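Below you will find one chain, with nothing else, as structure tokens; this is the form predicted alone, and questions on how it binds or moves follow later.
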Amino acid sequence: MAYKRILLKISGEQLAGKYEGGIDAELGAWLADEIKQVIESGVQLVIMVGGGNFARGAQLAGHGIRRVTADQIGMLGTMMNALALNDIFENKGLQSRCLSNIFAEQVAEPFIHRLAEKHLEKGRVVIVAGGIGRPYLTTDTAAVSLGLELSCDVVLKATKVDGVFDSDPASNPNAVKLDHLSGNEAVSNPNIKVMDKAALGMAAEHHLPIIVFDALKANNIYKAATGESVGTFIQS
């Protein structure tokens, strides 16, 4: 059964694609085609973008840069990704709007709950920039918060591998993929680092399911959005 409304969380590192930094416009165009299938099926889609391809707040902090300032720089990185995706999507015939949780009215619409709802109901992809707009909170946590605010049925967490494993598959060739996890297991298991614990805990508390999957595999976003089994399903 297809979901009515979903939130896709995609990292800045993934948007960099074949480059070490910045945004891979060819990958953005490919994403537009993948997401178009979702919209045409009648599912409403919100995207929360990360900004790590431009700046990561936690890594910038220090040597005179305060953590608050570093996190604000990271928020600006998410803004650059959201603006780029919005243009790429529109160029591919996919209606979208960029809404920002930081004040940037010259370049993006402000995030207002009713405005986001209106765009979604008109079949537009809503791309949210600025995380949650406050320091010390990751875009993973912002994604879960936004998913709850907009009454999304599920959060799709894009990763480089197809789900959650019992150990790091990059360093352990014998790592075993987990098809299902409870929210409490995801929070309590120290080996599960695919999302920060604050995000997982919030989702578990409010019974919001999360699907961790490889979004850069053809048709996977559509499959996840329409209820097919992909990646790892986390639910309390």
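No experiment lies behind these values; they were computed from the predicted model shown. We number the residues from 1 along the sequence you see.
What comes next is about the form predicted together with uridine-5'-diphosphate (UDP), which is not displayed.
Can you check whether residue 228 is within 4.5 Å of uridine-5'-diphosphate (UDP) in the model of the complex, heavy atom basis? No, no contact at 4.5 Å.
Taking 4.5 angstroms as the cut-off for heavy atoms, does residue 159 touch uridine-5'-diphosphate (UDP) in the model of the complex? Residue 159 lies outside the contact set for uridine-5'-diphosphate (UDP).
Is residue 86 close enough to touch uridine-5'-diphosphate (UDP) in the model of the complex, meaning at least one heavy atom pair within 4.5 Å? Contact with uridine-5'-diphosphate (UDP), no.
Does residue 96 make contact with uridine-5'-diphosphate (UDP) in the model of the complex, using a 4.5 Å heavy atom cut-off? Because no heavy atom of residue 96 falls inside 4.5 Å of uridine-5'-diphosphate (UDP) in the model of the complex, the answer is no.
Which residue, 132, 116, 104, 80, is the contact with uridine-5'-diphosphate (UDP) in the model of the complex, using a 4.5 Å heavy atom cutoff? Looking at 132, 116, 104, 80 one by one, just 132 meets the 4.5 Å heavy-atom criterion.
Can we say 52, 71 and 75 each have a non-hydrogen atom within 4.5 Å of uridine-5'-diphosphate (UDP) in the model of the complex? Looking in the model of the complex, the three residues 52, 71 and 75 all sit within 4.5 Å of uridine-5'-diphosphate (UDP) (heavy atoms).
Which one of these stretches, 29-37, 200-208, 55-63, 178-186, sits within 4.5 Å of uridine-5'-diphosphate (UDP) in the model of the complex when only heavy atoms are counted? Selected stretch: 55-63.
What residues, if any, in 134-151 have a non-hydrogen atom within 4.5 angstroms of uridine-5'-diphosphate (UDP) in the model of the complex? In sequence order, 134, 135, 136, 137, 138, 139, 140, 142 come within 4.5 Å of the partner.
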